[in-house]
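Only one chain is shown below, in structure tokens, and it's the form predicted alone.
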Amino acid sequence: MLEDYNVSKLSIGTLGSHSALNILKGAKDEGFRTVVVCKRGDEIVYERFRVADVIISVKSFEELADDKIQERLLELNTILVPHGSFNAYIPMEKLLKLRVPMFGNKQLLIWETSRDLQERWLKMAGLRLPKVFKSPDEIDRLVIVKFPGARGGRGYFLANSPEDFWRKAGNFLKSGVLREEDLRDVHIQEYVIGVNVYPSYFRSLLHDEVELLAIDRRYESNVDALWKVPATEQLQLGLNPTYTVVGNIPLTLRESLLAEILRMGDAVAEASERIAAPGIIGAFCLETVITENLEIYTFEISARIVAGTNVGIGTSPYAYLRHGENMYMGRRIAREIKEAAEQGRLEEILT
């Protein structure tokens, strides 16, 4: 892929959504030309924040795999940086066949899109996981019901019995939030009571280190607004919590928890080497719950940059502790690419 590239004139590109501002700003801070492939009508975001040198407008993100778009990206010596919209909107078979070099390990994106593979990965790393139920008929406690893909929590719901599951699933089907095919690949997981915490890491192959760069929690609709409605009104109206992510909130953990958080990141990176060598490259995130007894349960993993790192642009205490001022995930990615190019090691961090 890199044979025809002018490595002295690399561009960093991505899809225009999710964490594109983070990625593009970080690339510009490290001196790269930037390219964004965005949906028509969304150009205003990347023009107004002045982070994109080249804007390629498309009708749908799936057009990234079209020959015409790929040729343009290759002409610009582009390295793509994936985020959640790559998984959500581009079929995996097309993503794997892209001719444009991509930062990270594509094979691990496959593991991210499968709940079963995620569970295998996390267990291999020795992390504590909530119980998983194979069928709605097995539900004997409070569970959270999830569906495939990076859908930002849309359609997730709580249930405490098989009857409760089917009643709520039926309501979501009627409202159009879910489709019949969603129920064929449902993921039912014990709902652990605690604080949701999302630590984001960067695994550097160049420096052989896993860095903790940011921690956030999500702000979800309508579950984070229900407390404003009195319980009596909730019961009368039949309100149920939903989990569509609308934003992220920075979080600083008590210091006594950081040792375990760091060990968890190391364990996940080590396990990834056994799954698909050389293992995880660059950004990843663990989605966890911390209970009142300070036990940490991990319920998901994202094998790329997550939108929660957006809260750390220029402000994350963990990035500051490790790198000093003005470091954040998008810039950390760009710096790894820059150093790899300078050292003639780009092949080690791209797929």
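One rule holds for the numbers: they count along the sequence shown, beginning at 1. If you're wondering where the values come from, they're calculated on a predicted model, not measured in any experiment.
Omitted from view is the form predicted in complex with a small molecule, to which the following refers.
**Student:** Of these, 240-248, 256-264, 98-106, 202-210, which stretch puts a heavy atom within 4.5 angstroms of the small molecule in the predicted complex?
**Tutor:** Checking each option against the 4.5 Å cut-off leaves 240-248.
**Student:** Only one of F165, Y198, F133, W111 has a non-hydrogen atom within 4.5 angstroms of the small molecule in the predicted complex; which is it?
**Tutor:** Result of the distance check: Y198.
**Student:** Ok, E63, E287, D53, E43: which has a heavy atom sitting within 4.5 Å of the small molecule in the predicted complex?
**Tutor:** Checking each option against the small molecule in the predicted complex, the one that comes within 4.5 Å is E287.
**Student:** May I ask you to state whether G155 is within 4.5 Å of the small molecule in the predicted complex, using heavy atom distances?
**Tutor:** Residue-level check for G155: no, no contact with the small molecule.
**Student:** Hey, in the predicted complex, is R331 touching the small molecule, heavy atoms inside 4.5 Å?
**Tutor:** No, R331 is distant from the partner.
**Student:** Whether L76 contacts the small molecule in the predicted complex should be assessed with a 4.5 Å heavy atom distance threshold; does it?
**Tutor:** Residue-level check for L76: no, no contact with the small molecule.
**Student:** With the cut-off set at 4.5 Å between non-hydrogen atoms, does E270 touch the small molecule in the predicted complex?
**Tutor:** E270 lies outside the contact set for the small molecule.
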